[in-house]
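Take a look at this single chain, the form predicted on its own, given in C-alpha cells.
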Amino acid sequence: MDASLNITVVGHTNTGKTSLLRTLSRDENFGEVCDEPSTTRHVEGMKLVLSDGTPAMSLFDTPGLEDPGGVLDLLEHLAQMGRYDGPERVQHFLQMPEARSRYEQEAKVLRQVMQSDAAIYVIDSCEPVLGKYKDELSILTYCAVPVLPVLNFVALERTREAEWRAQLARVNLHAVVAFDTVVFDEHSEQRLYERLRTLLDDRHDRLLSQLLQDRREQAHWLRRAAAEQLAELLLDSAAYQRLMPKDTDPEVLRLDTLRYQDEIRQREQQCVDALLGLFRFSRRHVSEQNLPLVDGSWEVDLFSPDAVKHYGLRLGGGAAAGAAAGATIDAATLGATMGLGTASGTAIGLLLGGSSTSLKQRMLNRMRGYTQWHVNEHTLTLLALRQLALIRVLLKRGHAAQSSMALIPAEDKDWHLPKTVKTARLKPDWSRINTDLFDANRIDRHRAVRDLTEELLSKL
C-alpha cells in the first residue's frame, strides 16, 4: 500500500471491524461479514483514495483478539524478566514460540499495529464492559501508537455507550467516536477523521484535511445526483404521451395500455438501478428487503388501486370530478388518463385534470379522432414519493448492513407535484420515453431539470 498514512482496525471477535471498513470505503464486497465469530482470519488491507485518485490512507482489517488475557499475562511476565518498556515487550512476545502457535492470531494483530501510525479499536457498544476488553486496551497501550476507540451499534436501544465512555476515560482514552456501521451518519464519519487528525502528528494533518473536505464534497454531490435522477424520472414520465385513434378495437386498446404502463415501469426501474449505482449498492441489497421491490423491481404495482392506498394518497380533484361527471376508471387503466367510452369531452377533461391549455390540447386531439394517453398526477406523485423514500433509506444505509432495508415513514403524503412537473405534461419532446419526439438539446428542459433538482433537494 502506497498511502502515507496506515491505520489498523482492531478489536474483539465480531465487534464489526470489517463492517467499519466496508462503510468507510463504500465497498459492500470488502472482507466477509456474518454473525459467526472469527470470520476474519488474516490481515487484509484496503485503500481510501480522494476523488482525484490520490491515496489518502491504508486501512488494515485484522483478526479478532480471542485470548487477550493470555497475551497480557505473557507481556507482564516479560516485564519481570527485564527492564522492557511496552513496545519492547510486544517485540519480544512476537519472537516467542507462542506467537507462532497458541497466540498466532493475536500476534498477527499486534505485528500490524506496531507497523501503523494509529489503531482504531472497534467496540460493540451493546456488550458489557468485561475483563477481556480491559485486557485488550492494556495490550494496545504497550504498542505505543495512538488509539481511537470507535463505539459501534450505537443506534440500537440496548447500547451501553455511557458505560463504555466512562471506562475508556479511566484508561485515559477521551477521544472517542460513536459510529454505527449499519445506520450510516456522514457527520459521525467526519468526527472519526477529525479525531484521528487530533491524535496524529502534524505531518498527517494536510492529508486528513483533504480527506475530510473530499468526503464533504462527495456527500453534497451524492445528494444532488440522486435528486437529479429523480427529476429526470418525473419529467420523462410527466411528458410521456401516446395518441391512439378513438375507434381502436377495445382489446387492442387494452393491450396498448398495458404496454404503455410497462414503459413507465421500466423507466422507474432505470431510476432505481441508477440510485443503487450512485450509492454503490448492488441489487442484492433490495432483492430480499422490505421495500416494495422484488429483485430490484417494485412489488406494489405502480398502476394498481392498492398502490395508491399503500402510500395514503388522496384521490381528489380531477379524478373525483371526472367520476362525478360519469367517467369510469378501469383497473387496467388506473394511473393512465384516457378519453374513453361514452363520457363527454367535458367529463374527460375533468378526469384528466391539468391546466386549461392541456384540456384544450386534449380536446383538439379528440376532435381529430385521437385519444391521448399519459400518466396522471396521482401516479406521478406516487413515483416521486417512492423514489424519495428510497433515496432517504440509501442516505442512511451503511455498506455493512445485512438486515432488511426499511422505508422511512413518509412525512409528505399530501405533497403536491412541483409546477415544473405539471408543465412537463405539455412538453412531449421533454420525455426520453417518447423516442420519436425527444430533443436532448432543448434549453427549457435542461432548465427544468435544474430547477426541479433544487426543489427535490429540499426534501432530502
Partner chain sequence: MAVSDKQAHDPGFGGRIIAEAIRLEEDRAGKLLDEPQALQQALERGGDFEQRIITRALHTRKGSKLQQAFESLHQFRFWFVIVAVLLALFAGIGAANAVFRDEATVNIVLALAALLGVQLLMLGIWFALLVFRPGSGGGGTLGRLLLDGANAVGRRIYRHHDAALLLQATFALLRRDGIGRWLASSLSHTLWATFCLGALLWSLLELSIRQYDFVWGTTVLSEQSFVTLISLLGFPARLLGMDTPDAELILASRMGQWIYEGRGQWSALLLSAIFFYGVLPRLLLALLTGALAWRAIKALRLNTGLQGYARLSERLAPRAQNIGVVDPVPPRVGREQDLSAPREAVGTGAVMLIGVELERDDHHWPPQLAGVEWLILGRADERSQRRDVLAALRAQSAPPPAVVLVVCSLARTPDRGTQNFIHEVRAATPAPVWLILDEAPLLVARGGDPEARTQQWQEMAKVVAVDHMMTADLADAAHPGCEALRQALGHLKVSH
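Residue numbers count along the first chain shown, from 1. What you see is a predicted model; the values in this text were computed from it and never measured.
Absent from the display: the form predicted together with the partner chain. The rest refers to it.
- The closest heavy atom approach of residue 58 to the partner chain in the model of the complex falls within 4.5 Å.
- Though the partner is left out of this view, residue 73 does reach within 4.5 Å of the partner chain in the model of the complex, counting heavy atoms only.
- For the chain shown alone, residue 265 is not a contact residue for the partner chain in the model of the complex, no non-hydrogen atom being within 4.5 angstroms.
- In the model of the complex, the partner chain lies farther than 4.5 Å from every heavy atom of residue 87.
- The contact residue chosen from 254, 203, 216, 280 relative to the partner chain in the model of the complex is 280, the criterion being a non-hydrogen atom within 4.5 angstroms.
- For the candidate set 245, 82, 131, 250, a heavy atom within 4.5 Å of the partner chain in the model of the complex is found for exactly one residue, namely 131.
- The stretch that touches the partner chain in the model of the complex, counting heavy atoms within 4.5 Å, is 156 to 164, out of 380 to 388, 175 to 183, 156 to 164, 87 to 95.
- Site residues 14, 105 and 447 are all in contact with the partner chain in the model of the complex, judged by any heavy atom within 4.5 Å.
- Residues 53, 54, 58, 60, 66, 67, 69 of 53 to 71 are found to place at least one heavy atom within 4.5 Å of the partner chain in the model of the complex.
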